[in-house]
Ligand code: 26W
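Here you get one chain, nothing else, as structure tokens; it is the form predicted alone.
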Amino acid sequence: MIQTTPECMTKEITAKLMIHFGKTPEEANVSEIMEACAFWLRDKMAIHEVHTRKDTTIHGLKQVHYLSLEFLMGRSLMKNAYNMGMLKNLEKTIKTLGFEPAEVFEAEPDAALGNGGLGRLAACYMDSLATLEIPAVGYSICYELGIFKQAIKNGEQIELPDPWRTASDSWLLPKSGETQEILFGGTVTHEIVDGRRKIKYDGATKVLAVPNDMLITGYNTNHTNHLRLWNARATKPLDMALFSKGEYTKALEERDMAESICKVLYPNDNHPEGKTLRMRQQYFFVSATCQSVVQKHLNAYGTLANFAEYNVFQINDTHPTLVIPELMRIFMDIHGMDWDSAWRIVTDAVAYTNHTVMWEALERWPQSIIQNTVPRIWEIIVEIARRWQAKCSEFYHGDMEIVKNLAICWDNEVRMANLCIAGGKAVNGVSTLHSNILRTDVFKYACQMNPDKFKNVTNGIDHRRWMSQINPGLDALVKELLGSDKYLTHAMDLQKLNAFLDNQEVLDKLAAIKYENKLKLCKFVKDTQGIELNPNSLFDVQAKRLHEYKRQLMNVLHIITLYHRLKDDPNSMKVPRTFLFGAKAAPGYVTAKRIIQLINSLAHHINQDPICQGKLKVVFLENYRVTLAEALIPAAEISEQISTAGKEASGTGNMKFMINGALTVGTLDGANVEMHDVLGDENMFLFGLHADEVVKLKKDGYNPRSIYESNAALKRCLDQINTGFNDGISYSDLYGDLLNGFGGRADQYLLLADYDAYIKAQDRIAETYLDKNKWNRMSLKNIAEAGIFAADRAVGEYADNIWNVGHRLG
């Protein structure tokens, strides 16, 4: 590790200020100080990264290439300084320069490269890959705006651009010398020259992929990896001939098409233009990545015969699926391999992580979009599909119903998950329950063909960031009780906290830390939204992507139930409650956006009613992001993990809340199952149907209206939603979705079926909260058992069971 004194830091950061901004510390503003610190730290990391790459080559180490359309990195300055053991000295240096460290860290915007759990998981894994000293590179797109900035206007979500790069370019190392060329559209012709097939492209549009590297340092190690973010550029920014003729818009068409690739994460695809742009995005970063990796391998080894021995591609969800046909294209079209040789390498070098059982999220692309956008890739997919279908047909003796299920190309669609299964050496789910559902339901026929291909790696979190950094009081207590900081690299050491479950002094300290974190959140919410929170109330939090299966709407039903109880009896609530929501809805997801509006209507109604003062409050936290999560999670006392059983693949928010001592109210879904395995019924609040019961209920015929008619409290809640609140807005559409959906889709996520069990679980929560010692004991038990959910464990399992690479903690 590089060690440096505050005096040296002050001198060197001052020099950075002068070089990059032409200012002294006295002249600089807080953003310039932040960037100068980032430039300084980046230089130190760059030295480590060069040595890491050299060691990888010298020792012939296998490299992991982690492809994800999202990397939700959050802020980097504090994290990198912490990992490098420089945080305390950096804070002293910032004070010497005349600034407050908290203000400087706050000046850094979140890197808007992701949306939710998928991107945050990728960020956690990058930290663990570096900490475990596994040579690895992450790959994605250098989005100009990334995910949108959420604003709430009149209760509705408004999407605003989030130009995060204006103050974050200090972390990016441009590598223009490694630019790649990507081809879109045109026509493909085949020629035989000297006995070899040659591929010719006519009328294709060329786009340049220019890499920018964001360095990722491991904790307490010199090992440094990087995240490669591809920028799209036109081969010529302007057609001068057209511009000279006055055809200004047409002159810029090629530039605009190229730059649109990197504008935003997940452009709305409710129209053909949006679908085409998404396809360009996916092929753009995959093609650039594959070309770069192959080129570097050839430079190092001079042959592709050993490619799979030294490289493994991990596809994070289906978005990077085109890595399979793109590698085939490179191996065959550029390097002259025959099909079988190329296919052997690809299927030994690619692995796929599935993150969902939701069919709509498994990516089925219209054939025409792929055919027109990447015609050569379409040809290769067709051949993969033909060979795969023949293999499936042979295995299942021509049973076309099964073959149809397994097909890659069918009904003018390309099924990306099936392409991943056909072309990957491993397919893994991200929790035990999820992986079992993949094996026995979603991909059951593929699993029967090759059961050894299907594996499980339960997700994990960067516990150094999501507990030690964001919850310093708890971190200090854990280190005091354990007698060392070893848990930072050996998370299972947290289990030693079980020895203190009946220690009154420890439980009191834990309660004091939670209260202090609640006070910090109160200040954060007051400063950012002008809303006063009651720190003496129970903080009940649901913070995650807004989707119907995550059932934020069921949380709303419970809140309305409590409100109705208060109206009937003002003394009905023994425990004051504050309900906190954090969520973004996809711009084109109408129902999700309506649920956000409903939450805000309910909040306005309840928060204005005098009968609720000091007893019940509802707050929607605007623009949920990593920075907000870092303030929210340490203060949470209840973690809402209430998805319909069998729908949540894993979840990682549940793990972050758990390790910070929040208690979970949830279904046996995703990683909640593994949480229950280590906590038991007595340390969480379980409710609701199990995954097999969900399947049976739907199969037998589910009638939500009968539940509505027979449960007076539920009927009253739904009628209130139908009528609306004091803002005069009716939510009859949401009411109708629950009771009158067509084709068996009424209440498709079974909110009404689980309502009564959920209300009873919430009543148990209130009763338990009155017993402070019992509550704090449960909280400590959750922290003690959270080590199993460390990303270090998850990455170690990938390394051992899928990638076949060594690691520091192995």
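Every value quoted in this text rests on a predicted model; they were computed, and no experiment measured them. When you see a residue number, it is the position in the sequence shown, counting from 1.
The next section is about a form of this same protein that is not shown, the form predicted in complex with the named molecule.
Although the named molecule is omitted here, in the predicted complex all of Thr356, Tyr549 and Ser650 have a heavy atom within 4.5 Å of it. Looking at 715-723, 384-392, 446-454, 267-275, the stretch with residues near the named molecule in the predicted complex, meaning non-hydrogen atoms within 4.5 angstroms, turns out to be 267-275. Screening Val430, Ile595, Met658, Ala130 for any heavy atom within 4.5 Å of the named molecule in the predicted complex leaves a single hit, Val430. Among Ala691, Leu118, Ile377, Ile345, the residue placing a heavy atom within 4.5 Å of the named molecule in the predicted complex is Leu118.
Proximity of Arg465 to the named molecule in the predicted complex: non-hydrogen atoms within 4.5 Å are absent; the residue sits far from the partner. The closest non-hydrogen atom of Asn459 lies within 4.5 Å of the named molecule in the predicted complex. Among residues of the shown chain, Glu326 is not one whose heavy atoms approach the named molecule to within 4.5 Å in the predicted complex. Put simply, His319 is close to the named molecule in the predicted complex: some heavy atom of it is within 4.5 Å. Although the named molecule is not shown here, in the predicted complex the stretch 54-86 places heavy atoms of just one residue, Glu70, within 4.5 Å of it. Closer approach of the C-alpha atoms of Ala583 and Asp269, by 3 angstroms or more, is seen in the predicted complex than in the present form. Panel note: the distance between the CA atoms of Phe284 and Pro267 is larger in the predicted complex than in this form, the difference being 3 Å or more.
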